[in-house]
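Okay, so here's just one chain, in structure tokens, the form predicted alone.
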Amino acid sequence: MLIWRLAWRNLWRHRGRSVVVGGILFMGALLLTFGNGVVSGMERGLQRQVVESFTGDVVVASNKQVDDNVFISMMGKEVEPLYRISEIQGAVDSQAWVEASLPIGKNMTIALHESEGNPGYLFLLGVDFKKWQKFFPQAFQIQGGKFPEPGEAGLVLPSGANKELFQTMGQTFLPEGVTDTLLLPQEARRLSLKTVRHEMVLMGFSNSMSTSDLRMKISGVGRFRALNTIWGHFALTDIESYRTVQGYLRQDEKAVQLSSDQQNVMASDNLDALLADGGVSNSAATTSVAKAIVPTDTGKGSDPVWNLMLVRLKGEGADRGAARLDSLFKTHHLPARALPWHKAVGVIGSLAMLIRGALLGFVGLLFVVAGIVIANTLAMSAMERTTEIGMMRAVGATRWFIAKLMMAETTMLALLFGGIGVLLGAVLVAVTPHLGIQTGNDLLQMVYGGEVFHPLLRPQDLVMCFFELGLVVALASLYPMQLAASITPLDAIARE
């Protein structure tokens, strides 16, 4: 207790110097707390904007899929089909740390211009709308029209896709019966509603050249509630229409094993000769050609084809969850591999991790700067108190006693001024979201944690703030403590 009484007396006696050191501790604690709030807000925002709205924690793809970037691949590179989906989903859902899973189709498609104009391009997601809405509740806001009902074919266009199609094709699209021109791209609002189309012809974009074209009605238009500029390039359609466009086996179709004659027909470069007298019958050839346009997965499972499966985890991180799923697939010999969400979205995930790293670096820089300033201030304070410390040494105070006294003084200042700084920083973090600082820029939305700047402090973040403050004070006090303990009675006499 003597140490603490002396420390308090010294702080009060040198209150001007104490206020200066305390002010530095206050500002350091305030900035550290707010910086941690921004980092936590960004992490929560990414969780909400990406994981809970578009990708899930882990994305399962075919083991033949070479690129990790399965969502925003350039040049329309095809995502490999994912076979044996029932076995894969069953194995995934059996894990206690998996909350839910959702198979989807994903590939690029071409929007054909029906007046010989330029075509448009879309990333197309094939989904079971009811299951997709359950997996991503409130992720998409319908502004006109509706989602297709179960068993109903239809296309849902986000605002970004509608704008892109207008820029490339010169055409705009709305559901039939919707006349609100505010749902059109801004540049198209001056056009007559008579020019607005209610249907679109889509053709799959595939390396296998087995795709087909399909006329689809526009069921709804709207926007993704988060990162709409990025996700807005993804149109949503029912899974059966998606399979038709991509040339995949549909739910109501069966894989057909071709006979040897039929295989000869498909392998031949001269169909006329084979169809002549003595060749393969017309009916056999016709059957072969009809079935050939439907790629089958014979020998790879009887399930209709999907491309990806989204997985939501509970109590498990994305990277570790992906590693555990990979191990599960190898154990069960399943043709799949798992990707954490930030790898599956390519440059978007890399950019998000880069921003997070930059914010953590900023907090770390604050940590270092605060430590240096505090160390210099305490060192100068110790030198100015050479006479006082020398007299204490002369009456019997040991070096260890002087060091403990300096640490007690710094601890008191840290608890008082640093504690106030942490509390005020927490109040600032809590108040900031209510100021309504908004942005429509997707990059800033990653930093903001959404459209509104939304820093966040969880209980563990407050504990971390006090830990960081204590670590800064402890490290910054080492040199001043050593300097004060090295002062001798002779130093005090010499200074006088």
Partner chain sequence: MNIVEIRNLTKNYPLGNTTVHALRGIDMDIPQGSLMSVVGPSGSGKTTLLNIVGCVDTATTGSVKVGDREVTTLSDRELTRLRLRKIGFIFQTFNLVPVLSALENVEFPLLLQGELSAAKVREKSRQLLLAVGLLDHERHKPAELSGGQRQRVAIARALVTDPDLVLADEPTANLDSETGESILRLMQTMNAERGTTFIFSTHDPQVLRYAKSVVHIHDGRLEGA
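Quick caveat: nothing in here was measured; it's all calculated off a predicted structure. Positions refer to the first chain, counted from 1. C-alpha atoms forming the largest set that superposes within 1.5 Å between two forms make up the rigid core.
One more form of this protein, predicted in complex with the partner chain, exists but is not displayed; see below.
(message) Between Leu424, Ala397, Val201, Ala323, only one gets a heavy atom within 4.5 angstroms of the partner chain in the predicted bound form; which residue is that?
(response) That would be Ala397.
**Report entry** Option from 131-139, 336-344, 382-390, 149-157 whose residues, in the predicted bound form, bring a heavy atom within 4.5 Å of the partner chain
**Finding:** In short, 382-390.
Can you tell me whether Phe362 touches the partner chain? I mean in the predicted bound form, with a 4.5 angstroms heavy atom cut-off. No.
Please check if Arg15 has a heavy atom lying within 4.5 Å of any heavy atom of the partner chain in the predicted bound form. Arg15: no contact with the partner chain in the predicted bound form.
| query | Using 4.5 Å between non-hydrogen atoms, is Asn10 touching the partner chain in the predicted bound form? | reply | Contact check for Asn10: yes, within 4.5 Å of the partner chain in the predicted bound form.
Item to complete: Using the partner position in the predicted bound form, report whether Phe401 sits within 4.5 Å of the partner chain, counting heavy atoms only.
Response: Although the partner chain is absent here, Phe401 would touch it in the predicted bound form, with heavy atoms inside 4.5 Å.
Any chance the CA of Ala394 moves 2 angstroms or more between this form and the one not shown, core superposed?
The answer is yes; the displacement is at least 2 Å.
Taking the rigid core as reference, does the Cα of Ile239 move 2 Å or more between this form and the one not shown? No, Ile239 moves less than 2 Å.
| said: Rigid core aligned, does the Cα position of Ile230 differ by 2 Å or more between this form and the one not shown? | reply: Ile230 C-alpha, core-superposed: shift of less than 2 Å.
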